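For reference, the chain that follows is the form predicted alone, supplied as structure tokens.
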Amino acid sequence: MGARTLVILGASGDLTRRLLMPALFRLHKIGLTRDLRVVGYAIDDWSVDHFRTHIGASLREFSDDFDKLSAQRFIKTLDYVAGPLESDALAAIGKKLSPETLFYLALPPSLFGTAAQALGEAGLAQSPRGGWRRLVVEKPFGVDLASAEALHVRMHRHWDESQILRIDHFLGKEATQNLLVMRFANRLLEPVWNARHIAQVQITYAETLGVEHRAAYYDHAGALRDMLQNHLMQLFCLAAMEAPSSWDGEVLRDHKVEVLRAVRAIRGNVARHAARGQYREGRFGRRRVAGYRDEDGVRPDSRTETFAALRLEVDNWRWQGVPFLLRSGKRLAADTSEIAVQFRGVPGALPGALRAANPNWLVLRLKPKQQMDLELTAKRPGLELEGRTVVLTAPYRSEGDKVFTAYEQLLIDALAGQREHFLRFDEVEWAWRIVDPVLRAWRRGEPEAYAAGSDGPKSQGRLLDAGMQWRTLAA
């Protein structure tokens, strides 16, 4: 038996097939997890050979660097146990565990509490002498504040907070981690990273895809729960937090919680702070696409939002008066994701007839390409003293760089006990406190319709201050 064991509960599911196993395969290929034994656990009555064949097919389909020999070596390390999420059945895998064991809940969110409790009742949450037990949980962590707190209580019956690793895969992305490095490792940025010099911050995650195969989940979740309460809220925290005194998991998470606690509560006129929309039929070039309510698995009278935007205001000295604008939606004009910081205009008039063409922007792009853009004003060629916008671009990747997926990063961190890229419960709690008033207000009324292929509903404009506008979605 190897020195460490990873038990995947829900090993026959889509998350394991598409993301976890390809990530584990690559880590195995480069020698980082050669001592790791992977045990799959699921309700499906499969043999070990059947499970290995299933994973082999998944690797061929979803691994970018698949090769047959490496895959065969990796698959031989896999084990499988069939059984329900009950303590008696789970206790049977105890003899397969190492002193250092990580349990990964690759399960539907409704089963998180059940699985955590069953593992505890089976005695598998107790760390052996000289070893450890950890539990990895995928988002979403509840559907509102009350359900998140109830899940927290249930999980803590057998698991300590220090044992629980809550995954938000955005925190494992290279471009997300680069935001911290860019902010705190460059002397020229930190002095201007405040309300005196910054006018607004826009955080966007736009998709051209519709609901696809996720209708069963998405029609009960919506864009606010699916993207803003977790993924974009984490990007917001990283953009707004104070410089950490050390690269320590608890210090980083303390600073993120400080940001969330400083967000001004959304009260009264929710429409000034939040906008929602639902896509109707539209066009992408010559291709016509159906509206959300016509998608398979979606209720014909659904009021679920496929677009959500929030205006957050941080009541502290660094950010007083600076709006942070978060938005995400499906069937939008482009697949693009960015954190865009707009700087304030220069004070006073410029010489002669020269005017700044546009405000300066610093844009950290997450997709379709990972790069940084700095939009500046320079002189337009010619005899007149006129300004124009120029863009200085720095691609994130250079030729020959090795780039890992978020799941490779997070799996390695979980096995090593590195907590920087995982959420503590008070982060989850305060994020829900921010969006709960919006969720309550949205129980009434309907989302505004927007055409598929557009930039989203017009109501998002209400979140902006006078003279501001949303950045155009562009690939």
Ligand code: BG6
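Fair warning: this is a prediction, and the values are worked out from it, not measured in the lab. So that there is no doubt, residue numbering starts at 1 and follows the sequence shown.
Only in words, not in the display: the form predicted in complex with ligand BG6, which the text now covers.
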Heavy atoms, 4.5 Å, ligand BG6 in the model of the complex: which of 227-235, 93-101, 158-166, 293-301 makes the cut? Say which one.
227-235
Exactly one of R253, R134, K139, R311 comes within 4.5 Å of ligand BG6 in the model of the complex through a heavy atom, and that residue is K139
Given that ligand BG6 is left out here, which of K173, H273, R276, R327 has a heavy atom within 4.5 Å of it in the model of the complex?
K173
Residue contact check: F74 to ligand BG6 in the model of the complex, 4.5 Å heavy atom:
no
Is R264 near ligand BG6? Define near as a heavy atom within 4.5 Å, in the model of the complex.
no
Would R214 show up as a contact with ligand BG6 in the model of the complex if we use heavy atoms at 4.5 Å?
yes
I'd like to know if E207 sits close to ligand BG6 in the model of the complex, meaning any non-hydrogen atom pair within 4.5 angstroms.
yes
